[in-house]
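A single chain, nothing else alongside it, follows as structure tokens in the form predicted alone.
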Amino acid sequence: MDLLDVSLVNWSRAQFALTAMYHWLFVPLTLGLGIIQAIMETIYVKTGKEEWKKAAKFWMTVFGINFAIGVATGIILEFQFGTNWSNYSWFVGDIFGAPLAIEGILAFFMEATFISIMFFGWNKVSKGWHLAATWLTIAGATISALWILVANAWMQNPLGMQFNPATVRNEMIDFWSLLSSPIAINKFFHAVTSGWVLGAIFVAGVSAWYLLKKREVDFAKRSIKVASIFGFVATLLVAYTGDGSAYHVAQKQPMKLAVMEGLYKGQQGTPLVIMGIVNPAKEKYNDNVEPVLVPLRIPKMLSFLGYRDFNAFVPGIQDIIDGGYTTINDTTKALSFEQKKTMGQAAINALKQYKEAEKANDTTALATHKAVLDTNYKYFGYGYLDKPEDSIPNVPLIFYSFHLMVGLGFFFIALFVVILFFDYKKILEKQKWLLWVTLFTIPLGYLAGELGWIVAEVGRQPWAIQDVLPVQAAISSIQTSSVQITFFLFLIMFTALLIAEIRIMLKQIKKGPVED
């Protein structure tokens, strides 16, 4: 690729990353805050205590502010598949578009139907019907996340498809394999429960602020207790689904796992790195420079997390490029980068020859070239890569993002436990140090979610579709300057939306819950 093409790829990736990361500032809070407000309203319906209605209505107002901004950023995010990634949309649109269409038709209309009742129906419908509308609104938001995550999981592990050389498109042959994919199911629960954690952190932090200001003390105590119980359960679920993520990554994306751990040379009984420093002197994947300095490790734990066997072999970056290894779940020898590249080039050439035979109406040649294409299509995308290093994601970025994310997860568990302990002792409002820590944990909750997406998406580079389509083959043929202009326009617009949301939220929080 020439310099202009590389620049176009980088700017297109940067623009998508910008909009995705801004969008993910709003989605998880919607998922988490929605559940918490629904729990509070459920308690109100069960007990009839107006204090719980007051709390539910306050958090519902904050939820509404965040929900509106999230919808706006999400729409722009999806449009980029047609503007900046048209080759991707053409190549896999028949598959990728299906869950997104279902998300729009089913989940979005479900949210739109019931959210009006949730906000404006307090005095117009019965308590039970209003509560049902609240839960259905949250269910709609969660179902929306399901279909988006199904589409994303398919990009990580493409299945249920068949390539049609006549149209140069991938066609869906098994929809249920997309929906029932273990990666999709685990990704859905991991992303949703991480949103629950952020919602709990947000409610706990705001409640801590009220306690520090000695305002709305009863409301704050109720809110922080519900948030901490809910958050503690959610963090345990995140840890459980995170373990599932590590297992599925080991099976389907071994390069991502190796980069997450800074593992260059595999071994049996591979330890898990708890913390360490990526060695800046490590310049080549096959040199003898130690990749991680001063590591703190748990013996054999990576083997167990990746293969459920403490003595299993976990391939490193060099092993994956050189090939020739076997794992406990696959006794066939892994192909090397060069072998995959050869197969990818063979598939690309076979597709080209197929189209030529199609023009010549040569049925014999069509069958021959299609057979070659089908045999080598699994590694179609490797034909676009030049050298082994092209298949290695950014090691320092993924390594630090992963370990910081995990560290924050354990911190959140500890925080909720400590809050619940002092709440049980009925001295929580006296622990000003803890209230300040809880308040300033709010941005850390957002940071953990963003780090998770960095690991998931940057960790699978260079692939738009794992092994099938690299990002440089997925972009639109447009001017780099067009992407640059829209990048800065989106940056300005999304930043303005974020500032507006923060100002409106702060105004609402300072105002506090009000009586009917």
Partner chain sequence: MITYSFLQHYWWFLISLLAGILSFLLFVQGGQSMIFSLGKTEDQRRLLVNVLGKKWEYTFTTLVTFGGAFFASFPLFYSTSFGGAYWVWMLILFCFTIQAVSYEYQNKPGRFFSTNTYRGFLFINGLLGTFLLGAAIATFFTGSEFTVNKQNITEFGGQLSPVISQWDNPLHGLEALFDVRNWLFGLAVFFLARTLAVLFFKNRLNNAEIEGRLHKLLAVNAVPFLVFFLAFVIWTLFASGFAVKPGTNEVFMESMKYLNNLFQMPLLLICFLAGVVLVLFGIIKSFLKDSWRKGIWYAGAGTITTVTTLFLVAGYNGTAYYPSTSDLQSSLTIFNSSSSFFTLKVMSLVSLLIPFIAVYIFYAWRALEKTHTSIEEINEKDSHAY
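Residue numbers count along the first chain shown, from 1. Bear in mind that the values here come from a model prediction, so they are computed numbers and not experimental data.
Keep in mind that the form predicted together with the partner chain is not shown, yet the notes after this line are about it.
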> So which of 248-256, 173-181, 442-450, 301-309 is the stretch with heavy atoms within 4.5 Å of the partner chain in the predicted bound form?
Replying inline: 173-181
> Check Ile185, Asp319 and Asn329: does every one of them have a heavy atom within 4.5 Å of the partner chain in the predicted bound form?
Replying inline: no
>> Considering non-hydrogen atoms and a 4.5 Å limit, which listed residue (Ala145, Ile102, Leu366, Ile392) is close to the partner chain in the predicted bound form?
In response: Ile102
> Using a 4.5 Å cut on heavy atoms, which of Leu106, Val217, Leu159, Ala334 is close to the partner chain in the predicted bound form?
Replying inline: Leu106
>> Check Lys352 for me: does it contact the partner chain in the predicted bound form (non-hydrogen atoms, 4.5 angstroms)?
In response: yes
>> Check Gly242 for me: does it contact the partner chain in the predicted bound form (non-hydrogen atoms, 4.5 angstroms)?
In response: no
>> Is Asn84 part of the interface with the partner chain in the predicted bound form - any heavy atom within 4.5 Å?
In response: yes
>> Would you classify Ala112 as touching the partner chain in the predicted bound form, given a 4.5 Å non-hydrogen atom cut-off?
In response: yes
>> Just to make sure I understand: among 49-74, which residues lie within 4.5 Å of the partner chain in the predicted bound form, judging by heavy atoms?
In response: Lys53, Lys57, Thr61, Gly64, Ile65, Phe67, Ala68, Ile69, Val71, Ala72
